[in-house]
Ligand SMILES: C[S@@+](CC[C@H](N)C(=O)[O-])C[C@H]1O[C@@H](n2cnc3c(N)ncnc32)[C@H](O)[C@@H]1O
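In the block that follows, a single chain appears as C-alpha cells, in the form predicted on its own.
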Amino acid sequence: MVRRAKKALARGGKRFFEKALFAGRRLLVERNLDPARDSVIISWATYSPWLQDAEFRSCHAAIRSHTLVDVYRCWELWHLLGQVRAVPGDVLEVGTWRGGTGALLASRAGGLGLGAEIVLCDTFTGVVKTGAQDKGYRGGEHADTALPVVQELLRRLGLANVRVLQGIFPEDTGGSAADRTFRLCHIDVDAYRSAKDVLDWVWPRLATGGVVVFDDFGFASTAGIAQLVHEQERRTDLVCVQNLNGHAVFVKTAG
C-alpha cells in the first residue's frame, strides 16, 4: 500500500512538473519573452511564516481587495518594517493605488509602537513618466482609484498615523516631506524614470540601516525596474537583495 502511494505521488509530481514546463514555454511565446533571459520560476519552498502571524493575516484580509501585491510581498513589507524598527524615521510609499500596502505598513507601524508617520503618495490618475525601458506601460495605467478610496480604507481600519499626498512625486508632493528622515521606502510605480526619481529623492533622507523596497522587480511588464536595480546595485553604500518573488531590496549601509 505504501509503495503504491509513493508511486502515485511520484507520477502526480511528474505530471505537475510537465504541465508547469508546458505552461512556461507557452507563456514565453505568448509574451514574446527572451528565453536567454526569462523563464517561469517554480519554487518548491513551502515555509509560509505569515500563516503563524494572526495579526498579519487579519490585516491582510482587510486590505487584500485594495492591493495588487500578492501575499508573499505583503508579508515581506510587514516583516521588513519589523526588521528596521530600531532605525529612526518615517515610512514612505510612492504608488499606493487603492491604499492596501500603505494601510498594511501603517497597521504594522502602529502594532510595533513606532510612532512613525506613514506618507502615501500617488497621482491617482495612473502611471506616469513611462519611456523606452517600460515596454509594458504607456502611461495612465492603474487609474482605477481615487483619494477618497484610500481615505475610506484608512478610516475603516482606524489608522491615524497616515498622510496621503496626491500628485506626481517628487515634483508635486516631495516638498511636503522634504524635512523628514525615513526608515523604509516602498517604490511601486512600475516605470523606470519614476522609480529613479523616487530613489534619488529618498536616498539622502534614508537613515543608515533603512531599506528601499522595489515592487515589480522581475516581471516582464516592468523590465525598467529591473534595469534600474541592476544599475544602482553596483553602488558601495548599499546591499542589494534580489528576491524573485517580485521584490528587490536595498539596505543602506553608509550615510
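Worth saying up front: this structure is predicted, and the values here are computed from it rather than measured. One rule holds for the numbers: they count along the sequence shown, beginning at 1.
As for the form predicted together with the named molecule, it is not shown, yet the points below apply to it.
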*Among K135, H142, H79, R85, which has any heavy atom within 4.5 Å of the named molecule in the predicted complex?*
H142
*Taking 4.5 Å between heavy atoms as the contact cutoff, choose which of C59, V69, V211, V202 touches the named molecule in the predicted complex.*
V69
*Counting only non-hydrogen atoms and a 4.5 angstroms cut-off, does V189 reach the named molecule in the predicted complex?*
yes
*Consider G126 of the chain shown here, and say whether it contacts the named molecule in the predicted complex, taking contact as heavy atoms within 4.5 Å.*
yes
*Partner proximity in the predicted complex: A146 to the named molecule, non-hydrogen atom cutoff 4.5 Å*: no
*Contact between A106 and the named molecule in the predicted complex at 4.5 Å, heavy atoms?*
no
*Picking from 155-163, 94-102, 176-184, 107-115, which part of the chain touches the named molecule in the predicted complex when contact means heavy atoms within 4.5 Å?*
94-102
*Across 153-171, which residues bring a heavy atom to within 4.5 Å of the named molecule in the predicted complex?*
G167, I168, F169
